[in-house]
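Starting off, we have a lone chain in the form predicted on its own, written out as structure tokens.
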Amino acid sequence: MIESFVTHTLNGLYYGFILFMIAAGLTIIFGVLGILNLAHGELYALGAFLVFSVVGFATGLVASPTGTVSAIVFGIVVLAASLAAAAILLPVGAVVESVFVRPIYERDEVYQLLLTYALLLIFIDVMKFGWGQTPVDPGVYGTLNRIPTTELVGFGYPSYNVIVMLVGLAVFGWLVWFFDRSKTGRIVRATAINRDMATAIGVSTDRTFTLVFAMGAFFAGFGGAMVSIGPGTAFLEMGLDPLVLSFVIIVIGGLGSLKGAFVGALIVGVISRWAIWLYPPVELAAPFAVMLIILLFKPEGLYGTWGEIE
């Protein structure tokens, strides 16, 4: 019983870190731009498809692992290729924001929803054209599990899951540093708080908004890349569930709060995996039930800031 509890809790943390990488991008975009991006899930799926091609190319340049050291080198190559695949979404996000999203900032929210839904359909067709309708798999999951991690302390758990959790922690730490310590991050926060004042002191809001949307696209794609190198496959409909859960997470954590997105993602991840373990029929309902309970006591979410990235 205890071993099952520990295993399912770790699975929940792993799933939570995946959700955080997706929800972080959505939080950044909504917190600064005020855009509910319905195409965010397809950016996640696009990252999963891109990593299939990029990782396939990169791993073809290195020898198949034969020992611990070569397995670690292989893992580094896979992570670097995943970052490269997600980086392709930086210009994609920049073009989407500057060409499609920017003209509707001052329009009613209905236009934003219609536009991003149209982009969702376009991205699905792009993925269908580029990779077909058959699910794809980079096939590196088994090799990543050769990297010794929990075995060093006498506990058997997939190394891939451990890698994802460590990467998720690194992403959270980098985002906190970026928005709290870096000059660019402070400019983004200032723009989120007061756009008019930021413009008055010489900040280019157009460039800031493009950067923010590109960052959001990158983290969505990186989440998809980390999923695709795991036991799952990349398929056309994979963006829907993470998109819905990402909205649940940012509501639980509080709009515009990265800390809230982090805590909310871990809560949703653990609750959903506990639900699968204890009573599978409530897997989908459990995160929404948690959201409702939290909103009853804290309508602004756990760390709600209403319009400021924090």
Partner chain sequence: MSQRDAAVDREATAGDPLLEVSNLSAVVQGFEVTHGIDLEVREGEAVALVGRNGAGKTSTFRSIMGLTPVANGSVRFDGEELLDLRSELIPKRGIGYQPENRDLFTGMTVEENFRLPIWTSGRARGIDDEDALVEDIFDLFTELEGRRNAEVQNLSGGQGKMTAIGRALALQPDLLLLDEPLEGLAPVVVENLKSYLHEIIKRDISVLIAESNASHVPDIVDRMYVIERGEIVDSGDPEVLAEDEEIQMLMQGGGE
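Positions refer to the first chain, counted from 1. Predicted model only: the values in this text are computed from it and were never measured.
As for the form predicted in complex with its partner chain, it is not shown, yet the points below apply to it.
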item: One residue of 164, 96, 198, 127 in contact with its partner chain, assessed in the predicted complex (non-hydrogen atom, 4.5 angstroms); value: 198
item: 190, 113, 169, 73 - the one with a heavy atom within 4.5 Å of its partner chain in the predicted complex; value: 190
item: Its partner chain contact at residue 207 in the predicted complex, heavy atom, 4.5 Å; value: yes
item: Touches its partner chain in the predicted complex: residue 180 (any heavy atom, 4.5 Å); value: yes
item: Distance check, residue 146 to its partner chain in the predicted complex, heavy atom within 4.5 Å; value: no
item: Residue 233, heavy atom within 4.5 angstroms of its partner chain in the predicted complex; value: no
item: Candidate stretches 118-126, 219-227, 199-207, 73-81 - the one whose heavy atoms come within 4.5 Å of its partner chain in the predicted complex; value: 199-207
